[in-house]
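Given next, in structure tokens, is a single chain: the form predicted alone.
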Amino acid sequence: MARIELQALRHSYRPDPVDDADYALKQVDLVWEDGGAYALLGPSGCGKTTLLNIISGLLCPSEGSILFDGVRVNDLSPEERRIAQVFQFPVVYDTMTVYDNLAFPLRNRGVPEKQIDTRVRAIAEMTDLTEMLGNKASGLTADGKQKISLGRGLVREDVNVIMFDEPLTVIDPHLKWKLRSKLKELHQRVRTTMIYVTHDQTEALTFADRVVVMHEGWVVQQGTPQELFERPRHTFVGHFIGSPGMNLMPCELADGGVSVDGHRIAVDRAIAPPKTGARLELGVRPEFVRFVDAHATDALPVDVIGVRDTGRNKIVETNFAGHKVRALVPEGISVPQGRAHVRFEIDRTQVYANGWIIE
């Protein structure tokens, strides 16, 4: 296992990049501690796979350094970096048994058969493959084959990191939660450094202890699932994480506070004016929008224009000063109709300049 550090990493697929627009991966500075469970989260084209391939050694970065336990590995092959990788589509040998598939990485490295047998059976028990060890892999379902891929990633004890590239994409939806739970359980048992690449926020937030959110080649935030939810440092994080995403509306600064179309909004700190011409937005998640009495402190007038019942909650869509604002109301609590009033929780209301939070 290894502590992985990325220093001033950039990558362009163009021979002579000039500015940020020419880079698929903008400057990245990250540290992933030994034994952690991490996720790279973002939409297609944001740079996740580029970053994964750079860490694994399949791609050499245009600039910057990759360090494993303080040693620069830019010029080392994936084998020399001791990387195990699980891909989106299961890579198995159909003509081999499940046992031989799991044993293959160890036999390829000349590990003694007795040691192989012990290790294969231990991994088979972890991945619920024990009863299938003698079966041909060709007869397995997609989730069974992906379990083999997971097992092959875990069977080696000499790896620095196991990397998962969208490993549940081809799995039936009703089986995904089983494999997600199994993967989390496996990490807790083996404590190998794991990096999980996905565009699915549920997969990222349920697997990882810390999530790296990427957008248009930038790392816009790294943090725990709770940090990403409660204090998005970029409007993209607020929009991408959560269902529904964060409410955003243009705002102005007024006497150290914030106003939206003349309505003063309470925040928990004085807001320092950003540079001239910055685009200012106020953000608050639907979970932190509360319906209140018209005479309550900080009450804001809204018009209720729609309600969607999700079973556990109601998503209430309102119009506030010409802006759509959604509120999440727990099941069993009545929702007002027509004209109503809401309050934004002060310590959960953020202000952004050009997409970035104003501290």
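Remember, predicted model here, so these are calculated numbers, not experimental data. Counting begins at 1, following the sequence as shown.
Not on display, but discussed next: the form predicted together with ligand ADP.
Student: How about Asn313 - does it come within 4.5 Å of ligand ADP in the predicted complex, if we only consider non-hydrogen atoms?
Tutor: Asn313: no, not in contact with ligand ADP in the predicted complex.
Student: Does Ala24 make contact with ligand ADP in the predicted complex, using a 4.5 Å heavy atom cut-off?
Tutor: Ala24 belongs to the contact set for ligand ADP.
Student: Looking at the partner-bound form in the predicted complex, is Thr49 within 4.5 Å of ligand ADP by any heavy atom?
Tutor: Yes.
Student: Using a 4.5 Å heavy atom cut-off, state whether Ser44 contacts ligand ADP in the predicted complex.
Tutor: Yes - in the predicted complex, heavy atoms of Ser44 and ligand ADP come within 4.5 Å of each other.
Student: Using a 4.5 Å heavy atom cut-off, indicate which stretch of 286 to 294, 49 to 57, 323 to 331, 304 to 312 touches ligand ADP in the predicted complex.
Tutor: Heavy atoms within 4.5 Å of ligand ADP in the predicted complex occur in 49 to 57.
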